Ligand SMILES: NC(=O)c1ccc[n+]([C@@H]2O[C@H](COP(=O)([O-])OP(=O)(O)OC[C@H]3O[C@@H](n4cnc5c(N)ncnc54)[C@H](OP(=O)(O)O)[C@@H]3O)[C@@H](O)[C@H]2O)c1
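Taking the form predicted alone, here's one chain by itself in C-alpha cells.
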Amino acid sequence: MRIFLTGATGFIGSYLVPELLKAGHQVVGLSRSEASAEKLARAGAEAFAGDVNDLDRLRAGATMSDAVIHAAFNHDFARVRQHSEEDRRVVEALGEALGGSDRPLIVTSGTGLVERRPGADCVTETDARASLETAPRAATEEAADAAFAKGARVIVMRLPQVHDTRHQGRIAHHIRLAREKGYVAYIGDGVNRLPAVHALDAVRLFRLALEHGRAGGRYHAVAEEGVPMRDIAEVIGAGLNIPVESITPEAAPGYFGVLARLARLDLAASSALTRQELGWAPTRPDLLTDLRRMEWALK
C-alpha cells in the first residue's frame, strides 16, 4: 500500500517508517522542512511538502494514497485545548478525503482519554472516550467517530506512555521538573499507574491494524497495564542521584504545574481485546528497564 503518514519524522513516525517499509509498503511522509524531507529520503520514504494544519495539502496527500496514518500531534500541555481543536480539523479533513472508500485512516489517540467504567481496574478498548470537559484531547476521537459515521474506514489507535532509551514522552517532563526542583516527587502513596509500551512494539501494532484492523475498531497499544508512579519516580531519582519524595495532592500544582492533574490520575489500561483480535504480543523491554538504561548525563 501507498501510505500517507503525518508525524513521519517524529518519535513514533521515525519507528513507523522502517516498520512499514520492511513490510513492503510505500511511505509518503508529510514534511514541513527540507531537513525532514532529507531525513525521510535517507530512510527510504517519499516526502510530501506541507504542514499538518494546511488542510488542503492534507486532503491532497490523503487522496493520492491507499491508506493514511495520522501520528502527528503538538504535545504542548499549556495549549492542549487549542492543539486538540486543531487536531479535530485535521481528522475531519482526512476523513473527508477518504470518505466513501475502503481506504483505512488510522487516528492516533491515547489510553488516558478514555472513561473508566465504575468499579473497573483499568480502561478497555470498548470503553467510551472521555468528555471534552475533562479531556480536551478527546476531540481527536470525537472527530474520528464523526468521520466513521460519514463513511470513512476509521481505526483508532490508543497509545499509552511510549518509550525507548532516548525518548520517554510524558516522563521527560517529570525528569525536567526533577532537575529544576532538585528532587523527584510523586503524589500520596504513588500507587497510581501509567500504562506503557516500547516504541517498536507500538509500531508493529500500527502495521497490524493497517493490514488487518476493522473499520471502527479501537486498539490499545499497551504492553504494561500500569507502572506505579512511585516506581517511576524512584528510577528517575536513582538516575539523577537526587532525593525522591511523596507530596500531598494540595502541593501537586506547585511542583507539577500544568501536569498536576495528570500526575495524580490512575491511568491503567488493558490491551486484552487488541491482542486477541490482531494477534499482537509485545516483546520489547519494559518502561523501567528503558529508564534505567538511559544516558542520564545527556538528559
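Computed from a prediction, not measured in an experiment: that's the story for all the values here. One-based numbering along the sequence shown.
A second form of this protein, the form predicted together with the ligand, is not displayed here; the remarks below concern that form.
Among L210, V203, A71, A147, the residue placing a heavy atom within 4.5 Å of the ligand in the predicted bound form is A71. This chain lacks the partner; the member of K181, R116, H173, H75 within 4.5 angstroms of the ligand in the predicted bound form by a non-hydrogen atom is H75. Contact check for P253: every heavy atom lies farther than 4.5 Å from the ligand in the predicted bound form. Looking at E234, you'd find every heavy atom of it more than 4.5 angstroms from the ligand in the predicted bound form.
Residue contact check for D51: one or more of its heavy atoms lie within 4.5 Å of the ligand in the predicted bound form. Taking the partner from the other structure, the ligand in the predicted bound form has a heavy atom within 4.5 Å of a heavy atom of V162. Of the stretches 108 to 116, 148 to 156, 211 to 219, 122 to 130, only 108 to 116 has residues with a heavy atom within 4.5 Å of the ligand in the predicted bound form. Within 4.5 Å of the ligand in the predicted bound form, a heavy atom is found for all three of A8, L30 and R137.
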